[in-house]
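Consider the single chain below, provided in C-alpha cells and representing the form predicted on its own.
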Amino acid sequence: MSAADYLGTVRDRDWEQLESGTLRIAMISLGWWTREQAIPAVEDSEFCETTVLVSRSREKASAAAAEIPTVEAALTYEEFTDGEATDEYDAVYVCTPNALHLPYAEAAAEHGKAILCEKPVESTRERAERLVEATEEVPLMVAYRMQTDPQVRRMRELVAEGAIGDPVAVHGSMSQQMLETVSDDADQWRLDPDLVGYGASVMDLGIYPLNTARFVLGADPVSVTAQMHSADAAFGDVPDQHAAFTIRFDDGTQAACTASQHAAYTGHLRVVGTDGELVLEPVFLGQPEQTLTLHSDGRRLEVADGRRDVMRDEMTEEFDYFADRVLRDAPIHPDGDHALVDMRALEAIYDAAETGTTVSV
C-alpha cells in the first residue's frame, strides 16, 4: 500500500470488534462540556446511550433529563453516591472538576460500574493514585480522546512503521481564550487551585500534547523543564496563564510544548524524524478541517478530514471505543496506570517551573 492509500484509511475504526450492544451511561456533572459535547456524542454513538443524569441540583438534572428520551433517572450527587438507580446504568462518565473525580469514581466502583473519567485523572498525583487503587476491580478508562482519533492513531502507526525514520523531536501546542471560550467567570474552578490542582494551562491544555506525544511515540517521559507566568488578575491564584515545557522521553526523543489559557484558539502536533515529519493541525480543540500531512523524500502527502463537527466526532469515537471494550470485557487503554504517568509528569513540570531546574519524572 502506498503512503497516500494508507493515509486514505484514516476514518477506519481499527479498534472496533463489537457488532451490537448498548452501554447505558450515567453522566456525572452537567457542566458545559457534558451538556454540549458528551451528551451529543453519546446520542450520535453506535453503542452507548445516556440513561442517568447526576448533578448538584435535582432541578437541573430533571430539566436536562426532560430533553433526552433515553434518560431513566435524574439524581443528585448524594443519591448517586448512596446507590440509587444503579439498575438504570452500566457505566459512568465523570466530568466534575478535577479534585472531585475521586469521590464519584470511588462510588461508581463500589456500585460495580465501569468508569470513563475525564483527564487529568485527578488534581494531584497523590489523589490520582488513590483513585486508581480504588477502581482496581472495575474497568477504568481515562478520557484521552486523542488516542481514539483516527488521524492520531495513524500518526502512531506511521511512526512505528518508520515512515519518518527515527523520531527525533516533537513540537506541540494548545491554547484558547478560556474566559471567552469556557466561561467569563474569573471564579470558575479551572482557576481555583483547590479544584483544578497544580495549575490552569498545563493541567487542562498542556496535557494534550504531552499525552498525545506519549501515545504517538510509544514512549514515556523521564525528565522535564518548564517556564510559566501569570500576568492577568484572573489568573492570580495559578502559576500558568502561559507555559512552555520540554520533555525528554525514554526513547531519546525530545519534545517542546506550549500551553496557554489566554491566547489564540489553536493547536498543533509535529513529529520530526531522521527521514521526514508528520504534522497534524489544527488539533486538540476540535477545529474543523483537521489535516494530517506526511513530509518525506521531498514529497508532501496530505489527507484533509472534512468533518463538520470534529469535537463531537472525537468524543463519539471515545465513547464507542469505551463501550466496545466494556461490553466485550476486553482490556481498556488508556487505563489508570497510563494516566498516573501523566500525573507524575505534570507534578514534575510544575516543580521544574518553580525551581528552574530539570526534574526527573
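Numbering starts at 1 and follows the sequence shown. Keep in mind it's a predicted model, so treat the numbers as computed, not measured.
Here the subject shifts to the form predicted together with another copy of the chain, a form of this protein not shown in this document.
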With the partner omitted here, the residue among A160, L195, A256, V182 that in the model of the complex has a heavy atom within 4.5 Å of another copy of the chain is A256
Interface check vs another copy of the chain in the model of the complex: of P221, G172, G199, P120, the one with a heavy atom inside 4.5 Å is G172
Verify the contact flag for F245: yes if a non-hydrogen atom of it lies within 4.5 Å of a non-hydrogen atom of another copy of the chain in the model of the complex, no if not. yes
I'd like to know whether E281 contacts another copy of the chain in the model of the complex, with contact meaning heavy atoms within 4.5 angstroms. yes
Answer for T96 alone: is it within 4.5 Å of another copy of the chain in the model of the complex, judged on heavy atom distances? no
Using heavy atoms and a 4.5 Å limit, would one call H111 a contact residue for another copy of the chain in the model of the complex? no
Heavy atoms, 4.5 Å, another copy of the chain in the model of the complex: which of 80 to 88, 139 to 147, 152 to 160, 259 to 267 makes the cut? Say which one. 259 to 267
Are V272, D275 and T357 jointly within 4.5 Å of another copy of the chain in the model of the complex, each by at least one heavy atom? yes
Can you list, in sequence order, the residues from 209 to 228 that come within 4.5 Å of another copy of the chain in the model of the complex, counting heavy atoms only? S223, V224, T225, A226, Q227, M228
